[in-house]
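Coming up are structure 1 and structure 2: the same protein chain in two forms, each one given alone as structure tokens.
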Structure 1
Amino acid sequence: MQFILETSGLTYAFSRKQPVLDNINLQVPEGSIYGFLGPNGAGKTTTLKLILGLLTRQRGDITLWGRSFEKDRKGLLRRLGSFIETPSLYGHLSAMDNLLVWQKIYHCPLENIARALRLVGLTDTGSKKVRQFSFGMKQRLGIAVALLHRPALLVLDEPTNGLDPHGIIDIRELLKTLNREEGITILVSSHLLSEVEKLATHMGIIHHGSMVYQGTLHGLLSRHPHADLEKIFLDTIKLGAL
């Protein structure tokens, strides 16, 4: 199987105390929607920040498309779109101007702006400043920023956090469409089991900084044919391993 993203032995500590990540070996297959699941504080965001180079790597390796992140940072970031924790938006600018800010850096066609806005359903916001947007609109615009340069891999950290049920369904359908129709590989973290279940083709479960399961969703369910996913998840993180 071809992995678009791999980490090996990724370990990280904010201080000399207990590491927040311990030997994380993440393998994201090309073309998959990889649900990175874990309770709050499990280490999901720290893992994603390390993958994106936002935190300085301490131990372990990160490769994207088989290339070391540190050796080809710029080349790899050009093929990657991200959304970490909260949307990164300039409140004093309109949606269009926000995307223009990133369009200049990626030097991608201007048409990409209209496309990204259309994909997230924000075509009619005009000159309205982003600070006047609802939370859901900001969340969608944050995803538009990640999609702007048509990346091959999307790294999304809790993109549906704080959205109403309608907003959650919209984002889920958008991600499925992007994966199916444009072949974008998606690594999406969540603490919502039901969300990952409906969206992901593959899954990694992290608990207290350690990976306790990695594989297909089908594989996880088939090991416990008579239990529901919630029970399997709770058993998994309780036991620390299957």
Structure 2
Amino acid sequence: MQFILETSGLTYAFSRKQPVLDNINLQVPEGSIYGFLGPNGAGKTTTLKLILGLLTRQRGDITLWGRSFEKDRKGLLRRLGSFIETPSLYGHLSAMDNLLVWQKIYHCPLENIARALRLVGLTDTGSKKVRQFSFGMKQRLGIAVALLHRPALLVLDEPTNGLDPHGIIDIRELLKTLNREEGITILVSSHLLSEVEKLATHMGIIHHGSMVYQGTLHGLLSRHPHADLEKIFLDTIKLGAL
């Protein structure tokens, strides 16, 4: 199996107290939708920020496509799309004008804008200002920004957080389409068990900064054939390992 992203011994602390992350060995298979699951405060966002270079690595290694992130940061980031926590958008601009700003930053072709808007279903927003968008539309525009330079790997931090049920379904189906039809590998963090179960092909469970499971969703469920995912998840983080 070929891994598009791997971390080895990734450890991070904000102070001399208990590490936020302790020896995280993440393996994201190429072509997968990898659900990074854990309670709030488990270390998901910190892990993603380290992978994207938003935090300075303290200990451990990060490789993408078999290449060291530390040695080829700029080159590898060109192949990544992401948004962490909330998308960075200009409320006084339209969706297209927001993407025009990012197109200049990415130095990518202008035609990528129409493609990104089409992929996320925002082609009909016209001159409507982003401040008038619903929260779900803003999340989709954030994903459009992440897709603008046609990345091979998409990293999303809680993209359905705060959405109503309809919005959650929209984002879920969008991510499935991007993976299936565009061939994009997706790493998505979540604390919503039901969403990970409906979306992910592979998953990792993190608790108190430690990985307590990594593998396919089918593999996790098959070990406990008579239990639902909620019970499996609670048992897994309680025991610390399967």
Partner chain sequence: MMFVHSFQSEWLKKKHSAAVALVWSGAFFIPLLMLIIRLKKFKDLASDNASPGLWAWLYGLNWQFMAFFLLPLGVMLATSLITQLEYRNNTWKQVHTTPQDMSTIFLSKLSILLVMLVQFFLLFNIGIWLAGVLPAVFKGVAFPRASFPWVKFLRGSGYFFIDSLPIVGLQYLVSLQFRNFLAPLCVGIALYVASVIAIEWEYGYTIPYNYSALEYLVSIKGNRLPSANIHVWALVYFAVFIILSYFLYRTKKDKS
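Residue 1 is the first residue of structure 1, and the numbers go on in sequence order from there. Take the two forms, find the largest set of C-alpha atoms that superpose within 1.5 Å, and that set is the rigid core. The structure presented is a predicted model; accordingly, all values stated were derived computationally and were not measured.
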Q) Between the first and the second structure, which is the form predicted together with its partner chain? A) 1
Q | Displaced residue check between structure 1 and structure 2: Leu93, CA, 2 Å or over, core reference | A | yes
